[in-house]
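Given next, in structure tokens, is a single chain: the form predicted on its own.
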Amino acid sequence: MEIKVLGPGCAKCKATADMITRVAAGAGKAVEIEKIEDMRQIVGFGVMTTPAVVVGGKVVHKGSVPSHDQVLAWLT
């Protein structure tokens, strides 16, 4: 499963990527995380607040670090 984390590389963006990695490992799901830090690409997704998460080409979260349960729901 490919997941994109959109953000300028801030602490919350890194925490988001770490959360996804931890939840995926705990659930036994293989994920590929792509970090997108280019603001033009981020705006291209219609995102104005970061961090944001894209799963299957769709923005599923933006503006905060997602919770464990939110990430788990994306993986199932």
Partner chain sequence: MNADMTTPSHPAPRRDWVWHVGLVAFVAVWWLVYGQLVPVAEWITALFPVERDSHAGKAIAFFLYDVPKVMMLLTLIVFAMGVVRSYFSPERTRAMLAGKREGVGNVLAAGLGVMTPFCSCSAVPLFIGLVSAGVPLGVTFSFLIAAPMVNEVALALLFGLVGWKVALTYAAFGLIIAILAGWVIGKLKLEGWLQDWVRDIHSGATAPDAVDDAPRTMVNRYRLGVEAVREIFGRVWMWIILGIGMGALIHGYVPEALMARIMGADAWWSVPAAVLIGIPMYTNAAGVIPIVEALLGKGAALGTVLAFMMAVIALSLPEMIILKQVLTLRLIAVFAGVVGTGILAVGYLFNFLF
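Small disclaimer: the values here were computed from a predicted structure and weren't measured. Positions refer to the first chain, counted from 1.
This protein has a second form, the form predicted together with its partner chain, left out of what is shown; the following refers to that one.
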property: 4.5 Å heavy atom contact, M39 and its partner chain in the model of the complex; result: yes
property: Touches its partner chain in the model of the complex: A17 (any heavy atom, 4.5 Å); result: no
property: is_contact(A24, its partner chain) in the model of the complex, heavy atom dist at most 4.5 Å; result: no
property: Contact flag, H68 vs its partner chain in the model of the complex, heavy atom cut 4.5 Å; result: no
property: 4.5 Å heavy atom contact with its partner chain in the model of the complex for all of V31, G56 and G57; result: no
property: Those residues of 35 to 70 which, in the model of the complex, come within 4.5 Å of its partner chain by heavy atom; result: M39, R40, V43, G46, V47, M48, T49, T50, V59, V60, H61, K62
